[in-house]
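As structure tokens, one chain now follows by itself in the form predicted on its own.
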């Protein structure tokens, strides 16, 4: 049975705007995105909202609902009371283009900064042989739908605009961890994670994990293991000594 819901939606462009109140019809089984579409069709035809699959798999309809980053297509209206006013705003970390649509180009810029999978020379793609445990270790991270809600909620960039240049955010630190865990990747991911992508800025508050719609354990399975690998490599005295000896032996080896 339908009812009239109270919605408060952010309207504006380029960061200038305000919340506007609407009363919109809601039918049984609908999600917030359904109501936003009805609002477009009946009261605000110029309302801008980004969406695509409406199945929780494209990540396009990221928005903040009652102050929490969520996918509009996965936020069921049945989780709110009929008397509740539902506030819908754009993701706060990224510049607003119009209404609920934000400019997420920051994320694509960071993606381009990460070198792609780099296999060892002389090994053809069909010759890769991996243990199942190695496949499973990084396979979890492949579930990412790039909704960018983890980057949106990360306070390192959410509250500090000046950090964006030096910090890739949890989504792309997770990508670095995925590649570093791949047994056939030979790129130096650990040094680049720390020196170029700001791994040290992360203080593992787990806010990224809490908002992930795919339930990826970003902090526990990607960020913390990467921090441990960097610390072992840089500060473990046995690792330091081993690298020193290996480097000295390599330098003394005559060239053919």
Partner chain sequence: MDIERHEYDVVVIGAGGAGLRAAIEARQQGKRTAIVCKSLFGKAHTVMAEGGAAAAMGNVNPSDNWKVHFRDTMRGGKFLNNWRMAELHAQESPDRVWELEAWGALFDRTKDGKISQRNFGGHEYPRLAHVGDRTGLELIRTLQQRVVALQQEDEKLHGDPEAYIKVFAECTITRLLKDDSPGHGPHGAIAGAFGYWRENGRFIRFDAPAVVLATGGIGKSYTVTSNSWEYTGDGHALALLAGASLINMEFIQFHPTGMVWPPSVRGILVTESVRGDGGVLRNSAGERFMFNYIPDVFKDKYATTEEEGDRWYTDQANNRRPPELLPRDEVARAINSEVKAGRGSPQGGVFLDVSTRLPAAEIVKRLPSMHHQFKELADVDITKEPMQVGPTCHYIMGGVEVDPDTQASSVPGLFAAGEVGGGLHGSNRLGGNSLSDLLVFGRRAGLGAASYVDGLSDRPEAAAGDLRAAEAEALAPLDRTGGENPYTVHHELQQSMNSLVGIIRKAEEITEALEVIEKLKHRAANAGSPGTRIYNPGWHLALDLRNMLLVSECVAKAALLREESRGGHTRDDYPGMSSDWRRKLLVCSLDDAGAVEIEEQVQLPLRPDLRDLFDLAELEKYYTEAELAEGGATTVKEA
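Positions refer to the first chain, counted from 1. The structure presented is a predicted model; accordingly, all values stated were derived computationally and were not measured.
Same protein, other form: the form predicted together with its partner chain, not shown, and the subject of what follows.
Colleague: For the three residues 60, 126 and 129, verify that every one has a non-hydrogen atom within 4.5 Å of its partner chain in the predicted complex; reply yes or no.
Modeller: The answer is yes: all three residues contact the partner (heavy atom, 4.5 Å cut-off).
Colleague: Quick one: from 194, 40, 66, 221, grab the residue that has a heavy atom within 4.5 Å of its partner chain in the predicted complex.
Modeller: By the 4.5 Å heavy-atom cutoff, the listed residue in contact is 40.
Colleague: Given that the partner is absent here, does residue 198 sit within 4.5 Å of its partner chain in the predicted complex, heavy atoms only?
Modeller: Because no heavy atom of residue 198 falls inside 4.5 Å of its partner chain in the predicted complex, the answer is no.
Colleague: So in the predicted complex, does any heavy atom of residue 55 sit within 4.5 Å of its partner chain?
Modeller: Judged by the heavy-atom cut-off of 4.5 Å, residue 55 is in contact with its partner chain in the predicted complex.
Colleague: With the partner left out of view, is residue 186 within 4.5 angstroms of its partner chain in the predicted complex by any non-hydrogen atom?
Modeller: Residue-level check for residue 186: no, no contact with its partner chain.
Colleague: Whether residue 50 contacts its partner chain in the predicted complex should be assessed with a 4.5 Å heavy atom distance threshold; does it?
Modeller: It does: once its partner chain is placed as it appears in the predicted complex, residue 50 has a heavy atom within 4.5 Å of it.
Colleague: Using a 4.5 Å cut-off on heavy atoms, what residues in 139-163 are near its partner chain in the predicted complex?
Modeller: In sequence order, 139, 142, 143, 144, 145, 146, 147 come within 4.5 Å of the partner.
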